[in-house]
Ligand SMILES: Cc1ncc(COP(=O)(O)O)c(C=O)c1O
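Consider the single chain below, provided in structure tokens and representing the form predicted on its own.
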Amino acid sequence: MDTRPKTGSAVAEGIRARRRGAVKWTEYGPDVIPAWVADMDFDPPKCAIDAVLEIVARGDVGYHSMRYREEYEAAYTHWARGRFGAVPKPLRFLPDVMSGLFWAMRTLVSPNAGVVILVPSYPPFYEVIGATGHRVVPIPLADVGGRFEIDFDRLATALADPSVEAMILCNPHNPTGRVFGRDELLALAGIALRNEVIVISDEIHHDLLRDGRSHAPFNSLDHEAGARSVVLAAPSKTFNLAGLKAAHLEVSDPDISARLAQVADHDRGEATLLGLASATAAFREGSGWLEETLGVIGGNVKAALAAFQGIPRAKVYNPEGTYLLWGRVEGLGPVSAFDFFLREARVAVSPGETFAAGASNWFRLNLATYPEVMSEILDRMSSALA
């Protein structure tokens, strides 16, 4: 047995060999280390994989019974009560969070109405707003001492426009990694309620927190706007199960619930049998796996912050949640940060201009990989910037 330490490149090649069906590892050439799309490189919890294998082994892959939804809901309710101190509202099942966002936008927001998002913003938000016939109303997050904050004055002005009917909140925030606290959420809820704006909250990263922070589901707020909101979540980011397709939408307001019910199940997509079963197993037995994974990600965050700290023309922001790092590079001229790192470091990051207009010198870096690979990525990027 070869006991020599493996380099980051060697570990990366091992991942590439296993991830033959993953877009993250097949989009670029074999000399490029991918750190873009928000998949983890870790294997999912064994309990989740075992649940899938057990079903496949017995050939039980027809239309699934309601039992799988009921077991998911029970497992997730126990999970949420323990982690967030909140009991989820009744769940509607979906293949993924973006399907739920599309569903909510089509049924709850008038044609041509404005929809507020905090920018930089997850790129598919722009796509869904456009595809459903609505207008993007961007509110830039403010860099306050190296931490992104909501500009509540600007937000209040935007939400006071009668043509604005909804706000898409992303908490924890992608790409900046901000975890908005309960006080911030209550301030946002007050503005939304005064202006009769519905909040659609994407909380898919709610388990991926750092430094003792806690997540407050928007619908857990002791506020009328919280009760009238729509919350979207999934096990996919928590347990690296995106390809198995299971997510949920939470809503308690009777009027909103009735409006959503106007769309038939087949028109909005369904969670899969394997997605529900794997998620249920992970919610029941995957907490140890998650804590170990968060420890690895936390180490990668520290390594990334240290690597960029000594580079004057680069600035990165300490993510409070998610496994994503948001940063920028100065002095690149017409070359984008994405193109620069791809060409000079052979590292694929997410392009900043897809998150905000004019942000070509910004980039998002995926930190959910093995420390050896993270070290190789950071060595390549810092050498390119030297």
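All residue numbers are counted from 1 along the displayed sequence. The shown structure was predicted, so the numbers you read here are calculated from the model rather than taken from an experiment.
Separately, the form predicted together with the named molecule exists; it is not shown, and the next lines address it.
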query: Per-stretch contact check against the named molecule in the predicted bound form, the hit in 279-287, 303-311, 82-90, 204-212 (non-hydrogen atom, 4.5 angstroms); finding: 204-212
query: Listed residue (122, 72, 218, 239) with a non-hydrogen atom within 4.5 angstroms of the named molecule in the predicted bound form; finding: 122
query: Heavy atom within 4.5 Å of the named molecule in the predicted bound form - residue from 164, 139, 185, 98; finding: 98
query: Partner contact for residue 297 in the predicted bound form: the named molecule, 4.5 angstroms, heavy atom; finding: no
query: Contact test in the predicted bound form: residue 51 vs the named molecule, heavy atoms, 4.5 Å; finding: no
query: The named molecule contact at residue 260 in the predicted bound form, heavy atom, 4.5 Å; finding: no
query: Any non-hydrogen atom of residue 229 within 4.5 angstroms of the named molecule in the predicted bound form; finding: no
query: Partner contacts in the predicted bound form for 153-176 (non-hydrogen atom within 4.5 angstroms of the named molecule); finding: 170, 174
